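Listed next as structure tokens is one chain, alone, in the form predicted alone.
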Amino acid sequence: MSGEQWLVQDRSPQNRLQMKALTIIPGKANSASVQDVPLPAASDGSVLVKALELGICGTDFELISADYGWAPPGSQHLIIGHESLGVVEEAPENSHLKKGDLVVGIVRRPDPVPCAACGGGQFDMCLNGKYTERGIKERNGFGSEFWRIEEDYAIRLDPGLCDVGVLMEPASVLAKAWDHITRIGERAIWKPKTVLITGAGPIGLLAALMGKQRGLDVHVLDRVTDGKKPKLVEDLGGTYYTCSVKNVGFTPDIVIECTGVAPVIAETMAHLGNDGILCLVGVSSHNQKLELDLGTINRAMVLENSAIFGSVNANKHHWQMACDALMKADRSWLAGLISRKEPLENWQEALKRRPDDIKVVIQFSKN
């Protein structure tokens, strides 16, 4: 698809007072619904965007289950959705954006104080927790027919990414993870050869993609035995496993843990190579109790110079890194990460988990 083919037709905001939006009542389980809501206020940002697609992820299910989430101040409802893709409808004069540009929106905003990290543009590393997030924490998200955004928080995409640009937000999370892995590795002479990724969801598969782009021998572990996931890893040139971490047959230089499952995390901690780095990007559910021999783990980490760290969210630099990674990737492979696209009127079907799903997308308009 090229040129202006992704432009939305017959959805102009002129003379409209309301739009459709996917909302929840934070703190009320299973309150998700599509409602008519006012068009976004100009105070939300100077750039008006028509929504094309919205990716659904585990955070959205936590929001719907009332495990997480805060409405904007003074509101009972929160428009959810943080994996965006849209096309610019209006932009200020002298902007780097123009009508028809394909864009995604950065999710997090710095805290108003701001802390040292937020003040330096590293709002993904906020020190006081007073940040806000589109579709998650105190700011409406991108799950509406139109959304506004500040110019500095809109990332323009190449038109060639129109079919897969909705993967930008999860890709930004992995771009940050790889950026910090590299920074930690540079503490010494470090020439990693292998990476083990636990979990073959969209986060794990994007981690594998970026590992391949860095010239590493990529290994992916998941419990699914057949179907799309093993094939995607194979097409990437990686090795796929369904065994336990201890039985993969090697000690990886890097592990990116994407499951959040306590026994898997414990195994990855025990099977790092010398100078190994374990990056935790999977968020664990509550009440996963597990007995650990912390003395043995500590001994191995100290004697082998291992490092374990957690990573979440991304700043603007990482979003640009993610854009570069997607541009370098095979488009058909990226498209394979998207299991299905459901129109907005089928939003309830989009929120039903199927065994073979990887990334499910709600379409506000067909590309």
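Each residue number is its position in the shown sequence, starting from 1. Here the structure is a predicted model, which means the values were calculated and not measured.
Keep in mind that the form predicted together with a small molecule is not shown, yet the notes after this line are about it.
**Q** May I ask whether V107, I136 and E169 all come within 4.5 angstroms of the small molecule in the predicted complex, judged by heavy atoms?
**A** Every residue of the candidate spot has a heavy atom within 4.5 Å of the small molecule in the predicted complex.
**Q** For the interface check, one of 299-307, 25-33, 338-346, 53-61 should have non-hydrogen atoms within 4.5 Å of the small molecule in the predicted complex; which one?
**A** Only one stretch passes the 4.5 Å heavy-atom test: 53-61.
**Q** Tell me, yes or no, whether N313 is in contact with the small molecule in the predicted complex, where a contact means a heavy atom of each within 4.5 Å.
**A** Yes, N313 is a contact residue.
**Q** So, in the predicted complex, is K229 in contact with the small molecule at a 4.5 angstroms heavy atom limit?
**A** Output for K229 is no: heavy atoms all beyond 4.5 Å of the small molecule.
**Q** Quick one: is Y68 in contact with the small molecule in the predicted complex, heavy atoms, 4.5 Å cut-off?
**A** The answer is yes: Y68 has a heavy atom within 4.5 Å of the small molecule.
**Q** When the contact criterion is heavy atoms within 4.5 Å, does V173 count as touching the small molecule in the predicted complex?
**A** Output for V173 is yes: heavy atoms within 4.5 Å of the small molecule.
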